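Only one chain is given next, in structure tokens, and it is the form predicted alone.
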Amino acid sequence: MSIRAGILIALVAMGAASLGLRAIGRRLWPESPYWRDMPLGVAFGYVLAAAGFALAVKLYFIDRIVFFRWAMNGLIAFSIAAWIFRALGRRIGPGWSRKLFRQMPLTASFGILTVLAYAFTAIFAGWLAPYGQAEIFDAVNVLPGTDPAHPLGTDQIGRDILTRLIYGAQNTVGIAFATTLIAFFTGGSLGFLAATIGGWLDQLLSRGIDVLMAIPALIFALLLMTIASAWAGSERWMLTLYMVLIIALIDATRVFRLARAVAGNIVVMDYFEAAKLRGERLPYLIFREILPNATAPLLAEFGLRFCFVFLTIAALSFLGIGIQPPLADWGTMVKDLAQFINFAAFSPLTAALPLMAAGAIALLTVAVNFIVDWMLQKSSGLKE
């Protein structure tokens, strides 16, 4: 049986199970509006979740897939830590923080704890890492667990993998955060100016942003990075600087659109018109009237932009034109360590090395999105 035929049969079976689930619910609880008005898509979602749970149980307890068991154990341990973190936050600290933790769902607590762990690793990487990120040893391709001096082994040129994983947090996350800050400062400032001043400045900036946004972001970044690599020459650190500026420019276009839209709704308000009639200057209008009322959507967008910038840097590094050696970053580590997946049958820990860097990228992305979802919920005023 081909893969396509198997997927088709599985979808048909889950569709039939969804119809059966909804029919059984309506028969058992005929007066319940939940089952009476349930769409087929919701029933299919329940069936899909049950199938996913059954598959997870099979992979964990029956097939005993090493990588899957590690991921599930880590997820469970971190979820328990997030619950403890939220419980402590509800009892310790000033009143405003305890109130915040009482309103916080477990997913947001998980995200905040994960971000704090990444930030701690990035800030104190020099103390946590056993060696320097550019230090090269004579031992090459040391397997994990075979040398106490290198718990996760060494790569193909003799660099300690554990050290580079730790420094990867400092470089990848730190550079992504700095890039996002530059993008928000540039795009937000121009968006506020365009909405406040209007006229020819608004038209000029908006049409220029339209031109830049018409080009696919990743293709545009690859084109500019190719040009920048020729400018950088042998100065590899210059290529990293160019990458920061290029990604910040590309993402500033998205920030500009949001800032201009939010500010456009504020400048027509009566209190803004009253401030203009009082003769308030432009800095006062932006920082005292617009910015406080635009903070919530901008903070949520900051989290999303950080994820996109983070993934873009990892993608460019994977392609070899992102963060340059000797700096360690997770995107380059995934590419360099991908060959170790071939040793899964002999040494599962060795095969997991590229998955550690990829998992670090995925975990931070999920954590930031959890926080952004909670912030959007708080800013919208919805309880559920």
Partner chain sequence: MASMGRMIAQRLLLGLLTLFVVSILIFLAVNALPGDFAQAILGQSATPEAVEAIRRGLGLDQPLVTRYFQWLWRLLHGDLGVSFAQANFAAYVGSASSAEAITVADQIAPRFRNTLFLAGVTAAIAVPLSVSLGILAALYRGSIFDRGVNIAALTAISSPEFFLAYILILFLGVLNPVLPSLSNIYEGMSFGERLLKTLLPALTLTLVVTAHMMRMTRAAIINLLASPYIEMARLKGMSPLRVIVRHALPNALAPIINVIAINLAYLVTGVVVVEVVFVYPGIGQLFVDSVKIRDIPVVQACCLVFAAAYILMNLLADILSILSNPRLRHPK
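Positions refer to the first chain, counted from 1. Keep in mind that this is a model prediction, so the values were computed, not measured.
Just so you know, the form predicted together with its partner chain exists too; it's not on screen, but the next bit is about it.
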Is it true that F78, I136 and F177, all three, sit within 4.5 Å of its partner chain in the predicted bound form, judged by heavy atoms?
no
Taking heavy atoms and a 4.5 Å cut-off, does L355 contact its partner chain in the predicted bound form?
yes
Classify T226 as contacting or not contacting its partner chain in the predicted bound form by the rule of any non-hydrogen atom within 4.5 angstroms, answering yes or no.
yes
Can you tell me if G41 lies within 4.5 angstroms of its partner chain in the predicted bound form, counting non-hydrogen atoms only?
yes
Mark L327 yes when one of its heavy atoms lies within 4.5 Å of a heavy atom of its partner chain in the predicted bound form, and no otherwise.
no
So which of M238, M213, V142, L299 gets a non-hydrogen atom within 4.5 Å of its partner chain in the predicted bound form?
M213
Using a 4.5 Å cut on heavy atoms, which of W83, W231, Y271, Y284 is close to its partner chain in the predicted bound form?
W231
Heavy atoms within 4.5 Å of its partner chain in the predicted bound form: which of the stretches 177 to 185, 242 to 250, 91 to 99, 205 to 213 has them?
205 to 213
Across 355 to 369, the residues having a non-hydrogen atom within 4.5 Å of its partner chain in the predicted bound form turn out to be L355, A358, G359, I361, A362, T365, V366, N369
Relative to what is shown, are the Cα atoms of G45 and N369 closer or farther apart in the predicted bound form, where the gap shifts by 3 Å or more?
farther
Do V142 and R64 have their C-alpha atoms closer or farther apart in the predicted bound form than here, with the shift being 3 angstroms or more?
closer
